[in-house]
Ligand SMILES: Cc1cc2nc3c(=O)[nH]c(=O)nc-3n(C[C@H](O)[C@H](O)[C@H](O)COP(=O)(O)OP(=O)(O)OC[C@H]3O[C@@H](n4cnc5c(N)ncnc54)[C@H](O)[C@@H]3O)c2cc1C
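Shown here is one chain on its own, the form predicted alone, set out as structure tokens.
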Amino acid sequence: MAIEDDVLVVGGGLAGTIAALAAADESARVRLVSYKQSTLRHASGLVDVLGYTPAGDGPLVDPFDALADLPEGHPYERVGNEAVREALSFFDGIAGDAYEGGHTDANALVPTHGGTVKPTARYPGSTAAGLASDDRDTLLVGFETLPDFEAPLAAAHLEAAGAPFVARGVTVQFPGIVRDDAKVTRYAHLLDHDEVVATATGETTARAALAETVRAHLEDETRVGFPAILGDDRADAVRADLADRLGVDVFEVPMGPPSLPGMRLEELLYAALEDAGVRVTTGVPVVDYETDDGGIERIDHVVVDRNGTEIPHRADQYVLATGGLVGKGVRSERERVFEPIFDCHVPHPADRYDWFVDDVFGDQPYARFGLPVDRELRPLDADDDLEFENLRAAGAVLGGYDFAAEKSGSGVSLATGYVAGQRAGTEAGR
């Protein structure tokens, strides 16, 4: 006997969790199934909308001004400008005080660990004091045991990019950690619990020792940026304590994977799923599906593999949010590109040498590989007919855009996840 729900979401990243929450908001019984660990923990935690146009113009001050000019087939063109706004508002309601940026349509410029600035629509409160539009002089602090953030180099890149402030970078020893293979969660744990650590002058707490170390390097700066390792469960308290001890504003610089801001966002979203009554099943791949005998082909149920046991899951509506080429929601072989669960159509040149261009910084065709969809986000086959009446797709599995070049990945996942979930929840209730 199949496990039955109104809406079944396949995929546990940003698009999948938002789709599940949006469907639940329509009073649907929702289940989310995912195979691998969520990709959220590898993301920066920033929520962009559109930083650059497909032609490369930018950084954009107001991303909404550019949405109307996007090409046909772009995910934003499919859902429409107003849906993007509604999705951001939906996210604001989930995130609460944890994120900022909802007061304006304009992009914020958030410094990253490489010394670049990323145009983004929503950003964690932990990064707010570090925005590149702020002209206050800045000290960036890196740690000898954390080579992913080279603070002096990041500061030099910010100044070279024309940041409206003086930036300096220093590298210090993080109190209590001597190994260069320590996980970022170890740094966060030390600060969360303010553990006692040994220093050259004796024992003290981790926060006091860190503040004392950094204070010796402060000059006229009125804000200090640390790599994003300032606590997990008590991140706000850690940041406030360090700011109080140093007498300056303290902010976090988003890092590469694994990312504590990404983990915090994951925790926030999965807590929201629990509160919304969404059933979550992780560690199970979808291995098969069957269709019903209706005149218009519908998915009847999918089959998941739980430790070698195949279990059917039936729903009225389905949302596919398994990621793109990186997340393996879209797969490639030497002769073809395909979607591996439902075998949905992925447009691509027949000659694989046309999948890319030789210029590594060029406009790569493969970056836009993904599912074509109608305005209901239902996948289309090679003849532009529906693949399945009751399947929608969201997030990086969609084609028609280059999220890395546009700085639009999280925004597309948010907007399309919201629309796919809302429509699925509404249809399931009819």
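Every value quoted in this text rests on a predicted model; they were computed, and no experiment measured them. All residue numbers refer to positions in the sequence shown, first residue = 1.
Note that the form predicted in complex with this ligand isn't included here; everything after this is about it.
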| item | value |
| --- | --- |
| Triple contact flag V10, P285 and A394 to this ligand in the model of the complex, non-hydrogen atom at 4.5 angstroms | yes |
| Heavy atom within 4.5 Å of this ligand in the model of the complex - the one residue of F369, F388, F403, Y52 that qualifies | F403 |
| Contact residue in the model of the complex, chosen from L67, V33, A28, L60 - any heavy atom within 4.5 Å of this ligand | V33 |
| Exercise: Q37 in contact with this ligand in the model of the complex, heavy atom 4.5 Å | yes |
| Partner proximity in the model of the complex: L377 to this ligand, non-hydrogen atom cutoff 4.5 Å | no |
| K118: touches this ligand in the model of the complex, heavy atom cutoff 4.5 angstroms | yes |
| Contact of V319 with this ligand in the model of the complex (heavy atom, 4.5 Å) | no |
| Which of 394-402, 380-388, 52-60, 360-368 sits within 4.5 Å of this ligand in the model of the complex, heavy atom basis | 394-402 |
